[in-house]
Each structure stands twice: as C-alpha cells, then as structure tokens.
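Next up: a single chain in structure tokens, the form predicted alone.
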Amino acid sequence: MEAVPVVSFDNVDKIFNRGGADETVALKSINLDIRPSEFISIIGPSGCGKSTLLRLVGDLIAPSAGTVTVNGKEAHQARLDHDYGMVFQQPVLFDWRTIQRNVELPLEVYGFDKAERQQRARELLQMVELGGFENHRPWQLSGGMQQRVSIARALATAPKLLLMDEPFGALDEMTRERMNMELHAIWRQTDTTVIFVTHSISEAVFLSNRVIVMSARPGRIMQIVDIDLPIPRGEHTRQDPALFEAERAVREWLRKAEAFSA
C-alpha cells in the first residue's frame, strides 16, 4: 500500500491583497504530494513563490484556494500538534541564552521537564557536531555553526517534517558545501522529511530525491526532476557524471521557468 503523503497540495492558489490595486497572484494551481522521508528541494526564479509554498505548509499564511494537508490533517492543526520544525535564512538565536538553552527552547515551551530538555539538547548538539559548545553564546560561533544550532533546535521535538528556507544562502561556498554534507547526514540519521528552498542548482541536486522547478510568477510547478544518485552522498558524489547530468536538466528547466509567464 502506498504511503500517505507527509505534505499534500491540492489545487492550491495564493493571492495577496485580493481585489486591491496591488493584487498579486503568487501561486497558481499547485498540486504536489511529498512522501515520507523524502528530501525535496524547491528552486525557481526570484519572486516565484518558493518561500510562500513553505509558509503555506507552516500555516504562517493560508491558501486563497485549494487545500494544504500535513500528516493527513489541515496545516493549522499540524502547527498546533508541532508536526514540523522550521529553519530560516538567518539562525534567529537568542544571544542571552547559551547554545544549549537555545536548543532547549522549544522543549521548554512545550513543557518538557528540565532533565529531559538538557539531555535532548546535548544529544542534538552532538549530532550536529557542536558537542563542547553547550555553554557558548551565539555571537561566539561562526555563521555555519549558528545554522547548525538552528537545525538542532528545529529537531528538538523530533518532528517528522523539517521546513528549510534558504538556510545556507549567506554562507561562503566552502562552508555551504560542508553544511550540505552535514545536513545530508542528519537527514539520513533522523529519517525526517525535508522541504528545502534554495537558489542553488548544485545544492538542490546534491541534497534531494526530487527537485521542484517553479515558473516565474504566478508560481506554478514547471517540472519535477528526479535525482537518481546513490545514497549516502559525499565528496565522491560531486564527481559523479549523473550529478552533472541532473544539474544540466534542472538548469534547462530553470531557463524555461524564467521565460514562462501565464
């Protein structure tokens, strides 16, 4: 029996300022099912609605038409049930809290006892290779290390879904490649479903099972590119001819997406 999708978009539209002089059709006719344990990247021209898709899943905004379901329930209920974690473009850490206590924060909000919070935070910091930094403050860490803290915090409640909005966009190329490999390892270890927004073709292909290519606004799904690369992935993957072929396919669809208007 086919697995129930973790996320499902059913004929979803999103219109901002409907009826106003500045009405904007951001998304049009989005139909997409995301399966358990998939790593999905969303890529497309600037302003095509990539982050809007993520915000719909996270119940930060509501669709104008159609439905978004998460784990078989409305996105709003999934948010109330803490079904997902989110990682943004910036780490959004609190400088007055230690790294350990930043990771503990969601558990504190949801009423976990102190001992359980501390143990879970220590385990997550070890997983993101920040063991020994528990008592540091965010400003004492590099940008890449801060994003690892943000990922650990998003995983604190062991969600089955992780929403990531260009989390490595501000990092230099070498740090970004290293973070890609670390994120791939975390994904394999946690078996979490990931929806990842990026502008980077190489990043999308390296990380993903499928790459969703969006059209220019109004954002539509132009193409879904399957990434047929062995897992686990690492430095050897970057030399695989299949990776170059997948990057070429995504790049060609992006060129079409930039020219597309409906």
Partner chain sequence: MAAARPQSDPTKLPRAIRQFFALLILLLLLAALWETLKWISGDPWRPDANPFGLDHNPPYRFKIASDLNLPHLWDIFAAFGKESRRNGPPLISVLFSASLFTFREAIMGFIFGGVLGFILALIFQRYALLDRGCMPYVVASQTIPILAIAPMVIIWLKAGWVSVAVIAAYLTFFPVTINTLRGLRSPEPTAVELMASYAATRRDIMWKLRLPAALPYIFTALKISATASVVGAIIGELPSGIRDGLGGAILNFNSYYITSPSRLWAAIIASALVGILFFGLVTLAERLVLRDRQAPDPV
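All values derive from a computational prediction rather than experimental measurement. Residue numbers count along the first chain shown, from 1.
Just so you know, the form predicted together with its partner chain exists too; it's not on screen, but the next bit is about it.
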property	result
Per-stretch contact check against its partner chain in the model of the complex, the hit in 55 to 63, 34 to 42, 219 to 227, 196 to 204 (non-hydrogen atom, 4.5 angstroms)	55 to 63
Its partner chain contact at residue 133 in the model of the complex, heavy atom, 4.5 Å	yes
Its partner chain contact in the model of the complex: residue 123, any heavy atom under 4.5 Å	no
4.5 Å heavy atom contact, residue 113 to its partner chain in the model of the complex	no
Any non-hydrogen atom of residue 167 within 4.5 angstroms of its partner chain in the model of the complex	no
Listed residue that, although its partner chain is not shown, lies within 4.5 Å of it in the model of the complex (heavy atoms), from 171, 127, 105, 181	105
Residues in 146 to 174 close to its partner chain in the model of the complex, defined by a heavy atom within 4.5 Å, in order	153
Distance direction in the model of the complex for the C-alpha atoms of residue 148 and residue 46, relative to the displayed form (3 angstroms or more)	closer
In the model of the complex, shift in Cα separation for residue 147 relative to residue 46, 3 Å or more	closer
